[in-house]
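Below sits a lone chain in structure tokens, taken as the form predicted on its own.
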């Protein structure tokens, strides 16, 4: 995309028009299915968990088409190793990258706007080591470039009306959201909707005064084609960065879905909480972004 085309597209985003980009359908925020399908896989083989959870939804080719430019957005914002449960498990990210390559992706970007020092976060997470093992030049992991944040008007937002969003997330053919399921001291839980914090710029601390609604507002423009929640190791206390193995529950679970509210709602129940207890889930449901009632979902579980 040249600069002129990019500026034109940003203007379209800022007026709330759909660009036909499959990952961010800003024109219709009530398009979530009435009875969303949720794929849940349990077991010790984390790579197979990802494969099976995505297969329940029809397989990776339902989401990644030949020639697509794909963004895989994990949580790797903290200088923490995988056993501490603060970042997405590296095998979950690696498997999604391998699946996207098998589906014919032309390129894959993996990035996060880290909270701790970026180089330490990328290294400690273990994600880069696993991606390097694939040995494919189509996969790129890069640090966030502040020059790539572009202002976007959030037409459907109730609290947040305009914010800077990362260009590469907006222009991807397919955006895959890969959060880790964990406790968060402010939002109570950090799941799929919260993971959008890693593709926004500006003073992110300003969002904390009404975080639930503002995460929902962001979800009207940041709309992944696929969300895969890593609940293999769940940080139950002292989130979002943790630091103690004793705060982590080994749950050996991966959850996949296309409805961002539904996947968060289901993941919430793994913590012994109800979806209605999470402000961002409630706010996103009220905006028509997805289903909050677990009883209305098609939940298909496979034991690996």
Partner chain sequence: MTERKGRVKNRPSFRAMIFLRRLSQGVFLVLFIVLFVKTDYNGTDHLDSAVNLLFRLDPFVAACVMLGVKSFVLLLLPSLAVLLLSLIFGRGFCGWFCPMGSLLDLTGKIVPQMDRNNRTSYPNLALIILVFALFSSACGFAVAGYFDPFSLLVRGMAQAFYPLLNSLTVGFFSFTYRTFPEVVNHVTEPVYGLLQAFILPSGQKYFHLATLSFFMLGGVFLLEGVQRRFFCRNICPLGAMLGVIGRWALVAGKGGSNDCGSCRICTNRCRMGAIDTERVIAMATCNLCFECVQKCPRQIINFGVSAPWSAPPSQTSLSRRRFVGAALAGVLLPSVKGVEALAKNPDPFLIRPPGALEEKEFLGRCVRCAECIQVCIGNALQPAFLQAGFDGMFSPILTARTGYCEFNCTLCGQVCPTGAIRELSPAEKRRLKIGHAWFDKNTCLPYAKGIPCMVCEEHCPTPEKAIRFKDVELINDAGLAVSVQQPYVVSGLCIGCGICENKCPLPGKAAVYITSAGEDRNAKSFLPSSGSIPYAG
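Residue numbers count along the first chain shown, from 1. Note that the structure is a prediction, hence the values are computed from the model and not measured.
Beyond what is shown, the protein has a form predicted in complex with the partner chain; the following relates to that form.
For the options 137, 147, 161, 133, the residue carrying a heavy atom within 4.5 angstroms of the partner chain in the predicted bound form is 147. Only one segment in the set 47-55, 259-267, 233-241, 62-70 has any non-hydrogen atom within 4.5 angstroms of the partner chain in the predicted bound form, and it is 233-241. Interface membership of residue 175, defined by any non-hydrogen atom within 4.5 Å of the partner chain in the predicted bound form, is ruled out. The partner chain in the predicted bound form comes within 4.5 Å of a heavy atom belonging to residue 167. Taking the partner from elsewhere, residue 106 is found to have every heavy atom lying beyond 4.5 Å of the partner chain in the predicted bound form.
The partner chain is not drawn, but in the predicted bound form it has a heavy atom within 4.5 Å of residue 80. Relative to the partner chain in the predicted bound form, residues 118, 123 and 208 are all within 4.5 Å by at least one heavy atom. Heavy atoms closer than or equal to 4.5 Å to the partner chain in the predicted bound form belong, across 185-204, to the residues 185, 186, 194, 203, ordered by sequence position.
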